[in-house]
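Listed next as structure tokens: two forms of one protein chain, kept apart as structure 1 and structure 2.
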Structure 1
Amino acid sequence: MLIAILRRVGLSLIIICLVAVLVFLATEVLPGDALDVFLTSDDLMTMEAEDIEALRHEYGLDKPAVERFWQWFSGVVVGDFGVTFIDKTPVSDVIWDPLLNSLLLATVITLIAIPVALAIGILTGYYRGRKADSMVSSLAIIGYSIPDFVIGTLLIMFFAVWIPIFPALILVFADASVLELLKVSLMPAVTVIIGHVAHLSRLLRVGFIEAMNCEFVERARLSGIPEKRIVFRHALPASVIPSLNSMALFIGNLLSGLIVIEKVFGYPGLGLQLLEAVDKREVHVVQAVTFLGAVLVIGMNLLADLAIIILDPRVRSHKHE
């Protein structure tokens, strides 16, 4: 087992390196560089082609791609993401606060979404085919089918403008304290949850139905174990397993997947930072954000794999026997 885990970790590291190469290549294909975006039309109006080339040289944008990549990559290995091209700010300074904020929002969402999805999944799975199932399932699908930005806009309209309970736009500083951010992150979190709980709960429902049909549940039933205990102690853990990887992917993608919500509410997160970095051709920032996103996804997957081993129903059922 140790070898399997080591193999997985090694593989994850290789994937991370390949992600770095791929992202670098992708940003190389783009026309233009940071300088093209930085110079305004007023600047261009008074500059000659030679002036622009001189500036490009000064910012190090004229170095060969391989050299730039190596310079960046050798830094990342020791945890140094480099500096931005134009004003030489450390990339870690640029992304640190948005990263923490996104992680916070992702945590809030996960902490609400997973239990809600579990509840819905179990409810609909247990009463499958009955009215409660079709009603809740339909509602979940409807929630999933309305675009995030519509839900967000309507929530703002109702709960910030008409009934002013929550702030319409999030006016906290990017380096605000956790408490401050928690206070304002409820509406964005609810928006995401309405949009995504359906998917998670359906995964759980499928897993739950499968688990309830399993031999060990049948046997538990026959041996007179109370229904509640069967559901929560036996079927539930088993039902979570098939969806663990998807859950991991969901959480991993939250980091960059929240971009629409960040835009609607003005949440100071990583998604908008990524989009801005692409716009401004700050390749180092793009790489760092992507890199962190990839590390998170891969890390969550690794966790899911480990959890699967721990939660394996066959192991559990053997224990109960």
Structure 2
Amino acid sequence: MLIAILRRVGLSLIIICLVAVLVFLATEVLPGDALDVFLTSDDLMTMEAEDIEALRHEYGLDKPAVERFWQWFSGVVVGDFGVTFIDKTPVSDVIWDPLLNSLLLATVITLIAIPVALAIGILTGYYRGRKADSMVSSLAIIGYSIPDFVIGTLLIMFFAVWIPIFPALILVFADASVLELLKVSLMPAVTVIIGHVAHLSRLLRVGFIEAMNCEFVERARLSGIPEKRIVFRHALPASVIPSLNSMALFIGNLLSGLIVIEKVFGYPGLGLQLLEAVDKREVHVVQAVTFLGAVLVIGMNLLADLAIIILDPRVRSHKHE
């Protein structure tokens, strides 16, 4: 088991390094360099060539690409993503509050979505083939098929325009308190939950049905074990294991998937900060947000793999591990 864990950790570190290379190259393949992307056509017309070269030297853009990548990546390892072009503010200071806000929203979504998906998956799997199963499954397919921005717009129409319970647009700053953010995070959270709970519950339903049809469940029933204990003590853990990777992907993709939702509601998170950085041509901010989103996905997949290794004896005893 230790070898399998070390192998997964080593593979994740390699993938993170490859992601860093890809994120850096994504700006290098553009015509010109980061300064050309930042400067507008009016800036290029009014500035002298010597001034542009001085700026390029100031930001280290006149160095070879390999040297610039190593300087950027060595800073990323210690949390230094460089400075912004406009006001030379450290990128880590720019994205810190939006990152915390997005993590708060992602935590709220996770704490609601996972238990709801588990409950729906267990109920529909246990009562499979019945009218309730068909109804819930149909609603799940509909919810999964509707894009998040459509669900968000409908919620705004219902609960902000027609029934003014919640504000149509979130008007809090990025450095707002946790309590203020929690008050305005319900509709964005519900928007994401409606679409993604449907997918997770379908996966859990399939896993639960397979677990309930296994031999160990039949032996438990023949031994006289109560049905409730069979469901929660034996079938449920076995049904969750195949869905761990999907749950990890769901949690890991929340930061990148919240971009549209944060734009729709005006939530001051990392997605909204990324859109503003693209609009202002702040390449360093775009690099930082993209890299952090990829690292989160890789980290959540690593945790899911480690959980599977620990919980599933078949993986621990596999000869290739």
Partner chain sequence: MSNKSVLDVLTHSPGTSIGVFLVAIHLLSALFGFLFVPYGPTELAGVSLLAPGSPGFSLGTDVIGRDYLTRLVLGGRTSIFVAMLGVMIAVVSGGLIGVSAAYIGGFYDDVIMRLVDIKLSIPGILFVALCVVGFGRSIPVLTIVIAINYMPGALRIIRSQAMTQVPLDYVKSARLRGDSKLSVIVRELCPNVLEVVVVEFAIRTSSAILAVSALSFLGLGISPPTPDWGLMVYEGIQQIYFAPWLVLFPAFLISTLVIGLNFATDGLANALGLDAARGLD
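In this text, rigid core is short for the largest set of C-alphas that superpose within 1.5 Å between two forms. Residue indices: 1-based, along structure 1. Please read these numbers as outputs of a predicted model, since none were measured by experiment.
Taken from the form predicted on its own is structure 2; the remaining one is not. Summarising the core-aligned comparison between structures 1 and 2, the C-alpha atom of E67 is found to shift 3.1 Å.
The Cα position of A54 changes by 5.2 Å between structures 1 and 2 once both are aligned on the rigid core.
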